[in-house]
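We begin with a single chain expressed as structure tokens, specifically the form predicted on its own.
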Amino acid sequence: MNETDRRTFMRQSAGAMAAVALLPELGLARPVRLREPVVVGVIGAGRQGRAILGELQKMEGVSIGAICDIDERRLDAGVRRSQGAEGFADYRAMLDKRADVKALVIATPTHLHRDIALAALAAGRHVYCETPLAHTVEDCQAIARAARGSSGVFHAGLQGRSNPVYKLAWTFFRSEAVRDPVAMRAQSNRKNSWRTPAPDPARDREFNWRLDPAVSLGLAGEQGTQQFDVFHWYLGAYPVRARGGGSIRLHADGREVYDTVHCGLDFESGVHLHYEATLASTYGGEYEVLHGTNASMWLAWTHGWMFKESDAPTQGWEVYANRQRFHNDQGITLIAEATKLAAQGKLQEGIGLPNPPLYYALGDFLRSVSEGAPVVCGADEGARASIVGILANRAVVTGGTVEIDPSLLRGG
């Protein structure tokens, strides 16, 4: 979300409530410096693979030993970007030849994850797999079973759970500061056709897998999975029902996958999540909102605010607040170690994350590999979130209601 959208939200939402910027403690957003070096391989050198390479290169103690992609142009670009990594067109050859590459990041199209993840786990490698884990319930469950039977680390790439802002917000949400959940909503708005030029017309379906209804999970699955998981984590619960629908609002180019969707997720407690996503408008960007009886939270991946109700009791942390003005409303900026920062004249520093959320998710994975740190988001959690995304997309495609069998979320 850009700064203009953020200011607009603040102006419209603050009202009589105090806006509290959620600023992570300095340690939570610290740079990644591994105690023991790790050699990493990246499988998939497309858009997400390039982003991963960029974040890995920021980390001390991380070296990129190998890159794999079936497309020669993308592979060559990835090798050049990584300054010395060995390139492979086949992930099996990478596994056979590069025993020194202990940690693998899977960034291929979703429907290709299963075979790669199972082969990597069978070869004794540590695995970070982008989410959704797979495009079918059965494949998600197969990956989770293989990970449970492996001695290595498996980290599902649900970035919210590693995000320092979201971690801090979680502590507030689980306290009396927010209290009882009332309602939830989220959106992901961007203007992007999801279409990629293929070097050969015969390979158009391969390159544009997101537009292939046979394998694509659409916006609700491919994008929504990350955002749904934030609510799973905060509530400690999963939806029991999904309803949805969608249409093509802008990209009328013969595609069948909707460029604009909406869906609702019902939780057993009675709380409801309303979700919208589009490729036809950037307004508002990407965020999640959780309303509670004492406060509401607005989370936007690199930033987060809490809006206290006027009748909410004082919690005690307000003494550490730095007050800001948002147009006609006075807000409170919550800053960790405020006394120390004030003495240094640095109260305004640290607002927002210094790195993208992807950086912190990869860092958590590599700390688990290098230092034995607990896995922040394992395969079972990744499978549960992915299955919710799969079923939400099913609701969108059918325009109806899909019951979510709790047994599907228990593993298998």
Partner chain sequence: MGTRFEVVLWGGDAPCLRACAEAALERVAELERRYSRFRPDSVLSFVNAHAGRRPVGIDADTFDLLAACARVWRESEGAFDPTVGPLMRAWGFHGEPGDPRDAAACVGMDGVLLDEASRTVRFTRPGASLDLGGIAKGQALDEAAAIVREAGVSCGLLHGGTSTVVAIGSPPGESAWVVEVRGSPFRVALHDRAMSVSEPSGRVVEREGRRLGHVLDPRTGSPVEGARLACVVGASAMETDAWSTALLVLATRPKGMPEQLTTLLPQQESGWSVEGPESRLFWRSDPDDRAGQESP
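Numbering follows the first chain given and starts at 1. All values reported here derive from a predicted model rather than from experimental measurement.
Omitted from view is the form predicted together with its partner chain, to which the following refers.
The candidate site formed by P164, R174 and S370 is entirely out of contact with its partner chain in the predicted complex, as no residue has a non-hydrogen atom within 4.5 angstroms of it. Between the options R195, R148, R92, H274, the residue in contact with its partner chain in the predicted complex by a heavy atom within 4.5 angstroms is R195. For the candidate set R205, K97, K191, R179, a heavy atom within 4.5 Å of its partner chain in the predicted complex is found for exactly one residue, namely K191.
With its partner chain omitted here, the record of contacts in the predicted complex names 57-65 of 36-44, 57-65, 375-383, 361-369, defined by a heavy atom within 4.5 Å.
Contact annotation for D311: none of its heavy atoms lies within 4.5 Å of its partner chain in the predicted complex.
Q83 belongs to the set of residues with a heavy atom inside 4.5 Å of its partner chain in the predicted complex. In the predicted complex, at least one heavy atom of D253 sits within 4.5 Å of its partner chain.
When contacts are judged by a 4.5 Å heavy atom cut-off, R50 counts as touching its partner chain in the predicted complex. Residue P356 is the only one in 356-394 with at least one heavy atom within 4.5 Å of its partner chain in the predicted complex.
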